[in-house]
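Below you'll find only one chain, the form predicted alone, shown as structure tokens.
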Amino acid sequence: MFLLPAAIFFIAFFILPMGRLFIVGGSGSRGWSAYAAILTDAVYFNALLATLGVAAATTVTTLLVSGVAGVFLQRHPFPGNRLLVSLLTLPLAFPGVVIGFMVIMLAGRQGLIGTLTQALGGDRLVFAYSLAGLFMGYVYFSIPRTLLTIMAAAEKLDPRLEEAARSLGASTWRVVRDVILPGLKPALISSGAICFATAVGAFGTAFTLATRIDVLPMVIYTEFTLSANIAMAAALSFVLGAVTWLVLALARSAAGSTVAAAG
């Protein structure tokens, strides 16, 4: 009954756009070798590596921070707990350009960090316009997207499993490794995949900060607007979309079901 609407939706919003991108990507002066150029041309390949590298670093850092903070905030209610969670999720309201501007205010040429390092007798520290600045911006907007998911998963963990493990002599580290992390596994994988996919395709923050570096969204923008190389922009877009889809598909397969949900 619902198969036809689902098929129409899938064809209209996935097959047709991706198919069109794929065909346009092979229609330029390079022909179908445009896809090979992503790996053989140093500019495109380095942009791909930079994009995947900063996305991976963002994902790992975000999961570490959100995992610890999410479990703590869920397990240890205190006065102001809800206010703190609201403040931590505030970046959800900001577009990428605003987050990029905030990074410039912190780590730009006239930023707070540079002013402090210079006041302490050192050189003015400026890193807003590098991969480090982009990483900072990505982590800032990724933490709220994973924190709430992990808090919801932590709420469903059965504390009796942890008590049983401790009663059997398990150390705190073993309880975390063998009880808490398996229980959070689906949430960690799914939110990590979304974090990675978002960082791979984020444009607003990169547009604001990436004056010295090239990541794929910026390269696509440059190829399309400045070079009028629509075919190469389409090929890069197809690869970017395919990588994102693959990560999300693998995460969905790997997430499985929680093993430590509350009974």
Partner chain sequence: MNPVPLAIRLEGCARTFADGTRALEPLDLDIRAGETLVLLGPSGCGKTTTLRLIAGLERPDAGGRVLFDGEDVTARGIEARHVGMVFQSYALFPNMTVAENIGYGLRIRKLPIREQRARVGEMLAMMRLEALADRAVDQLSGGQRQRVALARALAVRPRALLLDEPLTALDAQLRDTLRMEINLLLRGLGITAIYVTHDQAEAMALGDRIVVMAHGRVAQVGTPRDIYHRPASAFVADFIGTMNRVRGSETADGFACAGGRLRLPPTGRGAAAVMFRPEDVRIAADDETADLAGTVTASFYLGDRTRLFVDIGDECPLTVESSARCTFRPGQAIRLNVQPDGLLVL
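Residue numbers count along the first chain shown, from 1. Model, not experiment: these values are computed from the prediction.
Omitted from view is the form predicted in complex with the partner chain, to which the following refers.
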### Query
Which listed residue (Leu161, Ile104, Ala154, Val85) meets the criterion of a heavy atom within 4.5 Å of the partner chain in the predicted bound form?
Leu161
### Task
Consider the chain as shown here, without its partner, and state which of Leu73, Ile189, Ala170, Ala132 has a heavy atom within 4.5 Å of the partner chain in the predicted bound form.
Ala170
### Task
Give a yes or no on whether each residue among Ala165, Arg174 and Pro182 has a heavy atom within 4.5 Å of the partner chain in the predicted bound form.
yes
### Query
Counting only non-hydrogen atoms, which stretch in 174-182, 91-99, 137-145, 105-113 is within 4.5 Å of the partner chain in the predicted bound form?
174-182
### Query
What are the residues of 92-107, in order along the chain, with a heavy atom within 4.5 Å of the partner chain in the predicted bound form?
none
